[in-house]
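Only one chain is shown below, in structure tokens, and it's the form predicted alone.
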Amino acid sequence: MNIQVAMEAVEKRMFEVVNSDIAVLRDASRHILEAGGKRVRPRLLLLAYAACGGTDIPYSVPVAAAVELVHTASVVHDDINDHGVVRRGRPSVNAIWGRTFALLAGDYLFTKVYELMAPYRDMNVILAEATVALVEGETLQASAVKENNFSRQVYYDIISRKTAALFKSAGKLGAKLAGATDDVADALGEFGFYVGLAFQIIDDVLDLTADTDTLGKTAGIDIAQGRGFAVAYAGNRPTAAGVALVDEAPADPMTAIREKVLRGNAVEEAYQQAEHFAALAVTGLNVLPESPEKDALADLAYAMVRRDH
């Protein structure tokens, strides 16, 4: 199966499905889709599908598009919660249309997932479990910030749900679409799960070390919101104002946390942890026969650790 042709078909299907006669929904959806993005989740799904013997591009494309739309909807909502003004290198939906229409645009993208997945019967359960976990993870994150309880253990629980669960569904759905056995589908799901963990850890490190132009989204939001890798690894304590600070921090908690993390070995440790998860993911591919798609899955896992944006 030609993965590039399949990815182009995914792109086309996403634009088709968001073509509403309500202008703001259509325009906001097209805006975030036109900005591009890494499209890692649909690529993972399509590679898993091909590695398990799948060849029917039209059959796999709607599911790959649905997985990407779940992610896209979630980042539109994230920018509302985080007051993010840049996403994928351009103004966020929230920055252009405001909170109300951004909320509705995100809802619209989520509902279009139902439309794409309707013909796939029991496979809906796999994606539904991932979307439930995503919301649970975002909620757990907000609660941890509010309660000044952003420990490492909580951090890994959060990213397992809000990020890794959707990656897991992509791997498992790809295998299921190809008619793989339950054991193989579970193994591809675990592959996706570990890739998702590695992806999110590096994403959070880059939030600390890169700038907005490099990231293509507002940098430093995690620290400003009292959450993420930096807060979990720096160690936090409550203040009278309820903001997570470290030690005898200066007036700007963002600077204090960043400086403490960068002085220590937390960034190096995070990269090592991400590499470990990538290696675990690749080990799980042993259930597959040798193929270019299997090699591409392994390359994708390690690329998540080595990226710079």
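As the structure is a prediction and not an experimental result, all values here were calculated from the model. All residue numbers are counted from 1 along the displayed sequence.
Not on display, but discussed next: the form predicted together with another copy of the chain.
Using a 4.5 Å heavy atom cut-off, are Y114, V132 and E138 all in contact with another copy of the chain in the predicted bound form? Yes, all three are in contact.
For A232, is any heavy atom within 4.5 Å of another copy of the chain in the predicted bound form, or not? Looking in the predicted bound form, residue contacts with another copy of the chain do not include A232, since no heavy atom lies within 4.5 Å.
L25 versus another copy of the chain, in the predicted bound form: is there a non-hydrogen atom within 4.5 Å? Yes, L25 lies within 4.5 Å of another copy of the chain in the predicted bound form.
Applying a 4.5 Å heavy atom distance criterion, does H71 contact another copy of the chain in the predicted bound form? So H71 does not count as contacting another copy of the chain.
Even though the partner isn't displayed, in the predicted bound form is P91 close enough to another copy of the chain, meaning a heavy atom within 4.5 Å? Taking the distances in the predicted bound form, the answer for P91 is no, it never comes within 4.5 Å of another copy of the chain.
Select from the listed residues L206, L177, V154, I80 the one whose heavy atoms reach within 4.5 Å of another copy of the chain in the predicted bound form. The option sitting close enough to the partner is I80.
Where does another copy of the chain sit in the predicted bound form: which of 117 to 125, 163 to 171, 192 to 200, 179 to 187, heavy atoms within 4.5 Å? Heavy-atom contact with the partner occurs in 117 to 125.
Between 1 to 21 and another copy of the chain in the predicted bound form, list the residues on our side with a heavy atom within 4.5 Å. Sequence-ordered list: S20, D21.
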